Every structure is written in C-alpha cells, then in structure tokens.
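One chain comes next, on its own, written out as structure tokens in the form predicted alone.
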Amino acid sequence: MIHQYKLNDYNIVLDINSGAVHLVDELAYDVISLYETKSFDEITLEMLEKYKNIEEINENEIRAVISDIEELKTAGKLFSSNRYDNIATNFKQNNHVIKALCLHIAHTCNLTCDYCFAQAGKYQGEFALMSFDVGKQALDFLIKNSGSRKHLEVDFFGGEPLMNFEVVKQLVEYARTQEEPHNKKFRFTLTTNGVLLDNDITEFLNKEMDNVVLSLDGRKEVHDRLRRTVNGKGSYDIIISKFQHLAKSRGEKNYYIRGTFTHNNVDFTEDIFHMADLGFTQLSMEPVVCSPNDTYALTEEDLPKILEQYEILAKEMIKRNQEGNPFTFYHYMLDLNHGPCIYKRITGCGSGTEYLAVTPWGELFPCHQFVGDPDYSMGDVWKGVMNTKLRDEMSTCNVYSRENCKECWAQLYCSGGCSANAYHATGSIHGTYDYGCELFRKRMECAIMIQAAEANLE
C-alpha cells in the first residue's frame, strides 16, 4: 500500500508497510500513481502526452523513472507487502504485564469546564479524594504485575490532582522506597489546570515529575469561554504566569501545554501561536470529543477549516524553526528513523492490558475515558484484574481488528486509534471515530511534510 499527497510544494510518496518516505519530482509522482494499474507502455504514452511541452521529459527519461521504481520495489521500499497482520493479537493475548497506571488521585475539581468528559471530576459518580492507603495498594499492584519490566509509569490525574497534593507527595515518596528492593524505576507525570500551583508545588514537580501537562486552551477569550472557576469566572489570568514560571523553571523541557479546540475556535492555530508567543515551546491542541448536541461540538462544516489549520500550523512551524524560534507540536512529533517498534505501532496504547486507570476507591478501568462505566470495570487493586473476559477483548484491539483501518494508509501511524473514542462514537471498541481519523491523517501528512522540509534544508 502506498499513499501519495502534495503539500507545501513537496510531492510525497509513502510506502506504508516498509515506512519508507520518498520525495519525488512531478514525473515520478505521476508514474507511481499509474504503476499498479497500467502497463509500462501505457504509462509511457500517457506521460509523453502530459509532458509533451517539456523537452527534458522523453521516453528514455520515463523508462528510467520506471526502472527506479522497479529497483525500489525489489528493495522493499515501494509497493511492499504486509507482513504484520498475524502478530498483533498473539503479542497482546500472551502478555499480561502491566507497565502503567493512571491514578485518579482526585475526583473533584476547582474548575467547571463545559466540555469536561469527567463532569467536573466526578466521572458520573461522587466527589472523592484517593487515600494514601488506596494509592499505596495501587503502586504495590503495579509492582506485583509488572513482571521483569523495570521502568514503570504513573500518571496523577483528576479532576484536579493538586487538590490532593499531600497524597501525591506521600505516594511518590513511597514509590521511591520500593524502587531498589524490586529493581524498578518509576516515571511520574501529573496533569493540572494550574489554579493551585505555587512555588513549593512547582519545586516538587520539577524534582519528581518526568513530565507535567498544563491545561490551557490558548487566547484569553477562548480559554475563559469554557474553562471557568466554580464562581463562573475565567481562569486564564489565574494560571498564565504560573505556567510561564513552571515552564521556564523546567528549562522549557518535560512539560506540555495541552489545549482543547472546539467549534468556537476552529481557528485554533491562533491559540497555538498565542501560546508560542508567550514563550511556551511544548504544545498540544486536541479536538473536543463530546456529544454532537453540544453547542461547542465540532461539525462536518468545520472539517475543511480544521484541515486547513493543520497545514497553516505546519508551515508556520517550519518558518519559525528557520528563524530560530522553534516550538514542538505534540501531534507532529514523528521519528521516521527510530520510531516505535512494529509491535507498538500495531497494538497501540495498551489500555486494558498494559495500562489501567485506578479510581479513588481502587477500582480498575481500561483507561480514564472508561472510568465510571460499569460495563468496563475490570477489578480492583486488591484482587487484581477479575474481568478477564474484558481484558481479553481489549487485547484484541489493534490496527487489524478494525475493519475501517485495513485499507487506511495511516494504520501504522495511529495503531488503530483510541478504543475509548471508538466506543463513544460507535458503541464498540472495535469501531472507528471517523471524524478523528480525518484529523489524524491530516496531522500525519503535515508531520511528514515537516520532516521532508527539515531534510531538504540539511
């Protein structure tokens, strides 16, 4: 399978199964598009007709291009075959090692964001804070079920985790005491809206958190429209200087500004540029996932505008990089030479198998987006995973288990997409969130184009 597209004056050809990326001229681009459907003679005649006014393009030149394509095909870098469809399910079904937990340290929040899937942190349930005893048991559960894996990940999540900051500190301290005896190393992250950030908390986060995710939607008017305090006031002015201080104190590394764009700000690149102009260099902007009945829900009419925005963003990133003011956009992070192994690219995030979410009461769910749904309760941190039927079903989620993914060129970049988004969009973890797929494919085209531009400048 190949995918061809043109963007920012680059002609790009992707060989999906090998991962090869080719930058080609117009003639080669056209020949490749015909290669599998027409004979060499037919291709030659068609190209001679199309380029009849270009003296340099003659029969010998066309035949040389066809010969180059043949060589690339023989080398397995163009029109390569799929070798992976049988390995994904076997890998996950035979692997019950857990490597990461999302600790819902606080099912409560000091903001009332309109689009919050957690309903102000309650997750369809009651307000609650995780106790140290529950959190300690969760860490013990992770260690016990991590097998020989040394590096373990714990994300402090909410609601707003800083509303239970003392327990966060206690759990980090406890985890550090368990590293040497069990030959483990914990990597901690924390996601915060920033309202409670102060110098002491920032100092702790800088010492113990490998990554910090900061929630900011961009321009003040955009952010304050949907991210308000319990008193109904916007939170932008409360958090912005705190975020700037934290980012600077971390050396502009190991953090992300994570925004959400909605129907209200389809021009979300303006929000990204606003944040970059404030000095933030590690940026992310996610499309809202909500009921189509919500006033801020993305619409079909928004889609062309959003796709255009991604192209605008990519071109501006190239420009700012050339000017010496680069910033990173999470969805454009792509390592074409040393990216994830093929197992990871096929099987995805590992929710419900390698990765679990833990409620304040110690109940286990596949990930934070399933929390509160009784059909997706998997057990608890004392008894472990008891719903093995659900675990086995989650283990079948991979890029080849979703019918719509089988012929999609982006399959080995998205790993089949998010099971939670698929479930909420279609009622099945094996479905696809088609709107999200459209956005993802455009992001990948832009990310690869950026790589092409960088390679062209070297």
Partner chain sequence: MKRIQTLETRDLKKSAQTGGCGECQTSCQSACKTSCGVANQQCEKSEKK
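Positions refer to the first chain, counted from 1. Keep in mind that this is a model prediction, so the values were computed, not measured.
Quick note: we don't show the form predicted in complex with the partner chain, though the next part is all about it.
- Residue contact check for Leu336: one or more of its heavy atoms lie within 4.5 Å of the partner chain in the predicted bound form.
- The shortest heavy atom separation between Phe132 and the partner chain in the predicted bound form exceeds 4.5 Å.
- For the chain shown alone, Asp302 is not a contact residue for the partner chain in the predicted bound form, no non-hydrogen atom being within 4.5 angstroms.
- Although the partner is absent here, Tyr330 lies within 4.5 Å of the partner chain in the predicted bound form, judged by heavy atoms.
- The listed set Asp68, Asp392, Glu59, Glu42 contains one residue whose heavy atoms approach the partner chain in the predicted bound form to within 4.5 Å, identified as Asp68.
- Only one of the listed residues (Phe365, Phe157, Phe268, Phe141) places a non-hydrogen atom within 4.5 angstroms of the partner chain in the predicted bound form, and that residue is Phe157.
- Stretch 148 to 156 is the answer when you ask which of 195 to 203, 148 to 156, 106 to 114, 271 to 279 has residues with heavy atoms within 4.5 Å of the partner chain in the predicted bound form.
- Highlighted residues Ser18, Cys102 and Met444: every one comes within 4.5 Å of the partner chain in the predicted bound form, counting any heavy atom.
- Applying a 4.5 Å heavy atom cutoff to the partner chain in the predicted bound form picks out Leu412, Tyr413, Cys414, Ser415, Gly417, Cys418, Asn421 from 409 to 439, in order along the sequence.
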